[in-house]
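First, one chain by itself in structure tokens, the form predicted on its own.
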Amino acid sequence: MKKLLILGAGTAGTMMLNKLRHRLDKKEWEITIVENDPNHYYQPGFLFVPFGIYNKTEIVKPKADFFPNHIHAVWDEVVKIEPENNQVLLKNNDPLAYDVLLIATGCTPDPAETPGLQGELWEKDIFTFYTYEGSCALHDKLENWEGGKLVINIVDMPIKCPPAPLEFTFLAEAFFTNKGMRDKVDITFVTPMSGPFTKPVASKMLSGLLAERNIHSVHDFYIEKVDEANKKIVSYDEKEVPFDLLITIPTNKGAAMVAASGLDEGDDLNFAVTDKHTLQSKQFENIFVIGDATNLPASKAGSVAHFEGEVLTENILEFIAGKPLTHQFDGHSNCFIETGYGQASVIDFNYEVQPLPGKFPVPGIGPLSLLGISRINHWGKLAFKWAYWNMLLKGIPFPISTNMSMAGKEEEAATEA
């Protein structure tokens, strides 16, 4: 019997486990998934927990609840992949052999990369909402915080869910306004990018919204260290931003075993070198990579993993059949951007086309407004939690095109940015 091995049971790994189990002959293919953490976290919910919009219990469930029948689960830590021997070394179990390997090990924040970030002020006056524990700790902090200088800082790119730091900023502004203490909170958004977002049209819209909400912006800020004694973040060119409460989005890194296996080709961030269209490893033809584990120039987000999964399923089946890989991922991503006060925006883009105004998913109708701000967009964001648990993880297709469509988009807006 041939062996398909999946590393990682997060969003991408669990989704692919379900898709491939339904498509591969059970008499010919044995599927094994390796995972170390038994808990599955709804990571978009980390954004909402600090503000009491979600509670911490509703965004975590057992990973095994989403595994299909007729698969093997190994609860262990991956130490290294040996591609030349078609096997994976584990910390506590015997090596696992494979005919086809799928890497879905994601990425995680690494605050230790920045000097002073994870020091004495960690989870006292410095927090991150990019982990379950950090999100819960920040909720407790915000409940009783009396105000001061609130700084939201992106350490480096790429990060999971690129709009999330902005979403946190907008939600914080609304949160303190609703508490009647907005005048006691000075909010500053600090980023290494030249604007609040990577794409010009979206960046222009979001810059305007930050200014409208009286939120300061500091761009091109590459943090070197945290000066704990004086409560300042300091950039490599010696710019300083003082804080009373720092919300950090630390450097996001792939799994260390990717680097240990030589699949990152020297990338210090441990992202596996991957063909951006076929999702096949550029080094080994029987290795595929999906989601946040890749070095693709696409957003690290659940929607991207979903669109990648549609393409990757077909390419793996073609590879197994000895055929050329004909399905192409175009970098498609769509994201909700919470803007506070029960409203949100939506963006839809790919490798070649930046976010543009328009209606989505039905051209001219919506009901979602691209780069518009509406209550329906917010409801769509909240509704995604149900779709995540009940559709995406189970590999059930969404009624949205895998490849991005230009239908309903206002193309002329790109020339105005």
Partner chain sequence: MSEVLIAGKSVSVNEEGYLTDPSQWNREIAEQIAAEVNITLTPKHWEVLEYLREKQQAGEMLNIRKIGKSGIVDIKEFYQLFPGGPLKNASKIAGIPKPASCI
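Residue numbers count along the first chain shown, from 1. Please read these numbers as outputs of a predicted model, since none were measured by experiment.
The form predicted in complex with its partner chain exists for this protein as well; it is not shown, and the discussion that follows is about that form.
**Study point:** Stretch in contact in the predicted complex with its partner chain, which is absent here, among 334-342, 136-144, 73-81, 214-222 (heavy atoms within 4.5 Å)
**Key:** In short, 214-222.
Practice item. Flag residue 272 as yes or no: does it have a non-hydrogen atom within 4.5 angstroms of any non-hydrogen atom of its partner chain in the predicted complex? Key: Residue 272: no, not in contact with its partner chain in the predicted complex.
Check your understanding: Though only this chain appears here, would residue 267 touch its partner chain in the predicted complex if you measure heavy atom gaps against 4.5 Å?
Key -> Close contact exists here: in the predicted complex, residue 267 approaches its partner chain to within 4.5 Å, heavy atoms only.
Point to revise | Exercise: residue 125 in contact with its partner chain in the predicted complex, heavy atom 4.5 Å | key: Output for residue 125 is no: heavy atoms all beyond 4.5 Å of its partner chain.
Point to revise | Distance check, residue 298 to its partner chain in the predicted complex, heavy atom within 4.5 Å | key: Although its partner chain is absent here, residue 298 would touch it in the predicted complex, with heavy atoms inside 4.5 Å.
Review point. Here the chain is shown alone; which of 157, 229, 97, 181 has a heavy atom within 4.5 Å of its partner chain in the predicted complex?
Key: Exactly one listed residue reaches within 4.5 Å, namely 157.
Review point. Within 4.5 Å of its partner chain in the predicted complex, heavy atoms considered, which of 315, 153, 169, 251?
Key: Selected residue: 251.
Review point. Would you say all of 37, 86 and 89 touch its partner chain in the predicted complex, counting a heavy atom within 4.5 Å as a touch?
Key: Judged in the predicted complex, none of 37, 86 and 89 sits within 4.5 Å of its partner chain.
Exercise for review: Any residue of 234-256 with a heavy atom within 4.5 Å of its partner chain in the predicted complex counts; write them all down in order.
Suggested key: Stretch hits, in order: 236, 237, 238, 251.
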